[in-house]
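As a starting point, one isolated chain is supplied in structure tokens, in the form predicted alone.
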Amino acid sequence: MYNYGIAIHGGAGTISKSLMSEEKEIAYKSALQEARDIGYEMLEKGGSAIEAVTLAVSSLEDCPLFNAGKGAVFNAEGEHELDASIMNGKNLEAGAVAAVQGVRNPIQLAQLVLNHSDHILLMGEGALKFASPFKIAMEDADYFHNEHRFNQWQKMKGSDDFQLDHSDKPKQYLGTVGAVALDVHGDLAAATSTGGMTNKKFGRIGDSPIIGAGTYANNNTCAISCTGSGEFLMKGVTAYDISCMMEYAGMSLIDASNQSINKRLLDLGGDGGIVGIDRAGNIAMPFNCEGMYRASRNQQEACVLIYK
């Protein structure tokens, strides 16, 4: 039996300990632990890595604390445009959706694309038309309304500024949720979901639904889910970059992920982090900013962390 395990993140960025109340920190850690354990329990039952990451990310999407699903930020039109992707390391099959509206759990729609489409990435109205034959949960705009997110948007409404939920400073665009897992069969999977950037315009899409940039899984190497400055993660093809260094340079997951996050991404001018797991069950969760909501669990240990 493989050393099955799971790692999740709830976004990285300007997470100031001095501004975090004890009550809020407990709420974040509780939500992370719940999502992690939902995924881990699926692995314990012999379930697949794909099932585990879908369940974990769905749990984070249902929590208003994180910038995905119910907690998604507002775009420039006062609406919510949601992105998600999922990848199976066993066969390199993937599914993704971008700029979809009204979908309660975008990661579940991405999984439907993986399982039932010859395409990988569907967007907007087209993705919703694809979803119509399936039992995918839809919600009205009120479901996604969050007063904290709304107030963030009001501060920037009508301007060219944008930001993500973990910062009070414009152009600090760092947030997403994601999960990676190794199952008892030795298969890897990765999943990522986001609401994007507050006040984003022109149908902007970041790295989260882009296979190789925000999400990647390959049984020969690792599974990776990214969070951070999407434009820079796309430039660095960060999720695949880590796998590539492992496959072609023989680097460990720890060394490859540190090189990608703490050297290559920084050299590009980007901030962020990843959660990753390799085919041996080793877990890495590096980030180059103030904090990253993260949790992991395997047969040896479990943790829930926010700061360095």
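Just so we're clear, the structure is a prediction, and the values are computed from it rather than from any experiment. When you see a residue number, it is the position in the sequence shown, counting from 1.
Not pictured, yet referred to below: the form predicted in complex with another copy of the chain.
- Contact with another copy of the chain in the predicted bound form, defined as a heavy atom within 4.5 Å, holds for exactly one of H185, K129, H145, H148, namely K129.
- Of the candidate stretches 186-194, 135-143, 67-75, 92-100, only 92-100 has residues with heavy atoms within 4.5 Å of another copy of the chain in the predicted bound form.
- In the predicted bound form, another copy of the chain lies within 4.5 Å of some heavy atom of M87.
- In the predicted bound form, another copy of the chain stays beyond 4.5 Å of every heavy atom belonging to L112.
- With a 4.5 Å cutoff on heavy atoms, L268 counts as touching another copy of the chain in the predicted bound form.
- Using a 4.5 angstroms threshold between heavy atoms, D255 stays clear of another copy of the chain in the predicted bound form.
- Contacts between 248-266 and another copy of the chain, taken as any heavy atom within 4.5 Å in the predicted bound form, involve Y248, A249, R264.
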